[in-house]
Each structure stands twice: as structure tokens, then as C-alpha cells.
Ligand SMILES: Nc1nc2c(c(=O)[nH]1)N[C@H]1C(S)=C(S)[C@@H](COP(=O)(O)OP(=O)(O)OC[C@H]3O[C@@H](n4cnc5c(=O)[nH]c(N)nc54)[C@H](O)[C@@H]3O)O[C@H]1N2
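In the block that follows, a single chain appears as C-alpha cells, in the form predicted on its own.
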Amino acid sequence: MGRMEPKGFEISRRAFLKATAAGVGILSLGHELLDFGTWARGQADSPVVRIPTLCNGCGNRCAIFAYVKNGRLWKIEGNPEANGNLGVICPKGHGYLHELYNPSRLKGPLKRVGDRFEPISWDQAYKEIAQKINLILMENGPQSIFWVNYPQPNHLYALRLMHALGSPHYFTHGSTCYTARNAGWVYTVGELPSNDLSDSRYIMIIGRNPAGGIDLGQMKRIVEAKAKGAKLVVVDPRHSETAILADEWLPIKPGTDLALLLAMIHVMVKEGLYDKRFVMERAVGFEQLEDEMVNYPPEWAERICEIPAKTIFKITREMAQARPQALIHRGYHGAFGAQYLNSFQTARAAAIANSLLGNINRKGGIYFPKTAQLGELQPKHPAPELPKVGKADGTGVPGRYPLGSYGDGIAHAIPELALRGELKAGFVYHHNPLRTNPNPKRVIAGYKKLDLLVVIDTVLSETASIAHYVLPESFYLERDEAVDTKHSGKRAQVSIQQQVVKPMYDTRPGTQIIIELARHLGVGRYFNFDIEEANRLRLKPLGVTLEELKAKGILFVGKEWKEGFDKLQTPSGKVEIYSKTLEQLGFPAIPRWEDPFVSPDPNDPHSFRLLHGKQAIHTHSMTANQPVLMALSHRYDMIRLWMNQERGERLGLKDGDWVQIKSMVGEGRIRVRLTQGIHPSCVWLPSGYGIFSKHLKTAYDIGLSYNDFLPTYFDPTVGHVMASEIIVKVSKA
């Protein structure tokens, strides 16, 4: 594993810049699929057509304008109206365009015959899948079937399909990403908020890297805030892309973010720096908080998290001085999304610290965004009954994972449930669990145990490679999709992804595949509509027409956001500093210190905690096989393991040396980057590499994935993956 040389694709910096034409993604690279010569001869007199749509280069689904000339995609530009990207497009958005003409794309439905795939018709695929599913339903019941996806605008139709079949088993990737963060906020303030970055005077970001993530809207708003004099503090074991913009970088010891927050709360309480009126009128449990926080002075936290006590005092006092236009970022995946045993309590502590600043739903603080409330398909198209059985993963079940999200489930439990025989058949859509879930050997064993695996994808990913049937989805620029409410903000927006060019192959849109599967599975009565009718029904309460939305791509709807709140969506209607619900479920009602699950051996110079994070040019495992983006990885030597320079030198390493990494479940080789920009106790891998599907030739065997080293864990609150609880031994290869 871990070869670094490009495979069959080279591009110079000059050629790449020319191809992207100052950042508008011109698709002019010669390729037989593009047939550029023919296009060039016919394009001179062809008009340019601008079509609003949404980018699919990552989960942000930024609003874009696609330009088509002579039937071919010419370029894209950002839609300046969009809350999410404010007219900007990132490298992933530009680079992923080229996937439209990538020869690795699936060209028609496939059926596994022995150890190879054979092309079949859509009709045959649907009929055979339906026969097998119905047999499994008769023999094992509806609870034996599941659907898992990385959420798309059409996810409600996938959920509808599972409910129509009687199955509760709809899953997202959430347990490997954000479920601890969501639960922490929900059990404190009732819902997941947003960050009012552009109006903030003091911003602290803990373990989140929107510049590498990449969140274009957030980055523009951070830059705006700094231009107005705001201070930015980044707390991260690694000097990330976002830390480059920071006024202060705090290289915290990994897994100890909770200690820092507890100490900050201690200072606010002891020195009376909190918003007393807000706490008195809008929160419950402050007295219990006072009693608990005496245990966590900054001097204690310094020994745990290795941030100097004087720094903790300073930043806490500075934030309090700027309140309520001060915020601690709500977080995402890093630090407390799904990382550590203490992630849920860390998210709770972040929510409480913000509440003490009195910034809940305030300008420059944490606010509840406006989200478009789409209409229902019923009564014209009645919804199926809710399943009569609970989820086998234990989501929401007392004594198992009571705080887990029923809507997300615990997706990395699927292999375990399959190995136990509880799950017999599954659909995987816009997701690649064999590469993006922990402990791939275990994942492969589980998914191979299924009697039927159907994968809906655009390429033969790792998961598609072991499927019984592969249904090819049209590339995002080739299809119409469900209306979307992703772009929430101080005023709600509704958006739409629509077809820009004709499909090149025998592929179909995801929503169409769901509807056609339902009809073949005998539950067509719940899907007696097409995507256009469904979109019209869902837009109806918003007072906008489908034609208006298609013309603009994104529209503002509803009322503007206003400061303040009458009642939160918590049992008390207030900020629940002390949570009786958590107490009744057997969890600490007030956040308290909790050690990470595992820690490096301080007496072993080879022992490190393995961290991971995104680079701005790749999305999970989805973009690695894109030649233009992978060429950037090679050109800028980005596929490296970060290690603290002093630690590396003590191991006899030089920058660029090959190292061997080994954990209790996996091992691999990669080149090392020695740097002062990382905490000595950890090493860091960029995510998005380590592709092991031999069908993806550009990305195959390049780099490593942190999932190769992560055991299968389930935290006791929401069942998340504890993705940074990995101890590895690193030595010179």
C-alpha cells in the first residue's frame, strides 16, 4: 500500500490552470469521450445556455450555474444568491466536473455472475432484485432489509420505500460523522444551531476545519468578520488550513477538548463573566453547574489538555468581554462529531459555554437558522404506515443507545447485524461503507454475508465491487432531482438540481431508480408520481412554482430570522444546563471530565494517537479517482502522514521517509511529513485515499485510510464510531 506515483495521468500546473480558466472549470481536456475536436468544430456558432443547478462534489451541494455549449458542459460559476456558498466554488467543485467524462463511470446495470459482472437490462435487474427481496421478506420479515446512504435531496423517498416495505432500517453515514455533536446540542438547546460568523466579534473553532472541509460560506463569513476586527482562535492538534487565518492557534492534546471547555466554564462561573440575566431567565440547572465546575480550574485543565492556564483565563475573559457577539463554533466531525468516548459531553459543554455567553439565537452568536418547510405528498399520495418493529442497531433503545438518532441509525453496525443474520439484504446509495467505515475486513465480511446487496453508484467503488447488482446513477449534471432545503440561513432557501446535459450512458436519476424499484417491489401505490409532480407538491406551501425555481436555481422563502426566542425545543423550554432526561437515562446530567477511551503509551517512542481530516481537494473516497484532483495531490505532495518534527527525529526519521503504521486491526506504509504544526502525541492522515477497488485505476493503492487502523467501536450514548480512538505504532519502514 501507499505508492505515490501518478497512474496514467499527468498534468502540469500551467495546463491545469489553463483547463480551469481562472477558476470556472472549463472542460477542455482532450479525451475520446469528450470528442473535443468534433465539439470545437461545431461550437463556434452555438449559443451558450446557462442552467442553474447544484454541485455534487461534496455534501454541501453548493448552488452553481452550469454553462452548456453545443450540448457539452463548458464551465460553471457559483450562484451568488446561495446561503451555502455565496457565489464561490471550491477545487472539488471544479475538479469533480471532469468525472462527467471519466471512462471509469458505469455505463449500464450490472449483475454479478461468479466472480465477474455481466451487463443486463434495467427491466431484468428490477425483476430479479424484486424476486429476491420478496423471497427474503417472506422468509425473514421486513426488518431483515436495509437502505444506507449519504443523504441526498431524495433521501425522504428512500425512507418512504423502506417504510412501504415495513422496514425501519434506513441509515445514513451519521454515526461516522456527526451524531454525537447533534445529540449534544439537541439535549441542551433543543436543536442544532448555526454560527453567525460574519457578525461575531470573537470566534473560537474547536477541531473544525472549514477551510479544509470545505465550507465556502463559512470561510467567506470568517474573512468578513476578521475584516471588521473579529478575533479568531483555532483549537486543533494540527495547524490546519483554518489555523492559518487564526489570530491564535492552540495546539491542544487530542481528546481533551472537554477539559478546555470545562475550564472555560469554570472561569465564567467563578468570575461572574456569564450573562446573568440570560441564565436566570432562559436556562435551568445553573446551581448544579456551579457545584460541578469547582472541580475544573484552568490549572487542572493545563495538566490534561496542555493549554497553559493563563491562556485559558485570557481567552475566556476576552470572549466574555465580546458577548453576546462571541461564539464557540457548533462543530462538525472533528473534536466532538464522532471522535472520542467523551464527544457527546464535549458537545454538551460547547453548547453550555455558548449559553453562558448569552449568545443563543443572538446576532454574532449561535442562531437557529431558517429552513424551508416543504409540503407533503399526501393526501394525494398517502404515506405508508410506520414500521411496527424497532431498529436492530439499538438506536433510541434504553440500555443500548438511547440518545441515538433514529433518522440516522448506526450505519457501521450493519456488518455486525449481517454477520449475526439479522440483516439479509441491503441497498447502498451514494455511499461507500467498505472504504468509509472502520475496520474494512470486518465490513467486507458483513456485507458479503448478505443474501442480496444492491449498490446504486456512478463507479465501481469498493462496495459496488462486491454487490450482486449495480444500478448506475446518472452523473449529477445529467439528472433532475428532488427539491432541496440544504441552504438554510437567516432566511430560508429552497434549491433544485436539474439536468444540464443529456446522459451519456444507460444510467438513470436516483429518484427515478427509487420509484421504479418500489413499483417492481409491489409497493408502487406509495410511488404513484414522478419527480416533477412530487416537486410541485412539495413547493406548494412555499408559494413558489417549479418553473420559478428552475429559472433561478435557488429562491428565498419565508420570513427573515429575528433575534431571541420564546421557547426552546427542550422539555423545559429553556437551555438545559442540567438535563433531567439524561439523568433518567443514566448519563451525567451536567458535563463532567471523561478520559478518552484509549491513549498513547508515554513510555513508547513509537506510540501515537492517529488523527485524520479532510483536504480541500477531496471528498471522502468519492473524488480520489478523479485524475485532475489526484494530480493535485501528487503535485503538491499531499499524501503524507503528519508527525511532530522532534518526535520524528528521535525515531531517526527525515522528512519524506517511508514509515510503517500498525494498529490492533491494520497496518500500512506511507511517507512522513515532519512539522512543528502538530501536537507531539499524535500523527495525522488526510482522508480520501487508500482506495482498494481495482476498478478505480487512478486512485488504486495510493495512500492510506484511517479506517484501515480503526477497530469497530460504538460509544455508549449514540453508538458513534469513536473515529480518533486509535493508537498506532509508527516506525521507519
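Residues carry their position along the shown sequence, with the first being 1. Remember, predicted model here, so these are calculated numbers, not experimental data.
This next part talks about the form predicted together with the ligand, which is not shown.
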Original post:
Can all three of Tyr157, Gln499 and Gly553 be found with a heavy atom no more than 4.5 Å from the ligand in the predicted complex?
Top reply: no
Original post:
Any chance Phe146 has a heavy atom within 4.5 Å of the ligand in the predicted complex?
Top reply: no
**OP:** With heavy atoms only and a cut-off of 4.5 Å, decide whether Asp408 touches the ligand in the predicted complex.
**Re:** no
**OP:** Could you confirm whether Ser705 comes within 4.5 Å of the ligand in the predicted complex, counting heavy atoms only?
**Re:** yes
**OP:** Please check if Gly190 has a heavy atom lying within 4.5 Å of any heavy atom of the ligand in the predicted complex.
**Re:** no
Original post:
With the ligand left out of view, which of Tyr526, Tyr447, Tyr429, Trp185 would have a heavy atom within 4.5 Å of it in the predicted complex?
Top reply: Tyr429
Original post:
Only one of Asn535, Thr507, Gln615, Ser167 has a non-hydrogen atom within 4.5 angstroms of the ligand in the predicted complex; which is it?
Top reply: Gln615
Subject >> Answer range among 235-243, 351-359, 584-592, 118-126 for contact with the ligand, defined in the predicted complex as heavy atoms within 4.5 Å >> reply: 235-243
Original post:
In sequence order, which positions of 296-331 have a non-hydrogen atom within 4.5 Å of the ligand in the predicted complex?
Top reply: none
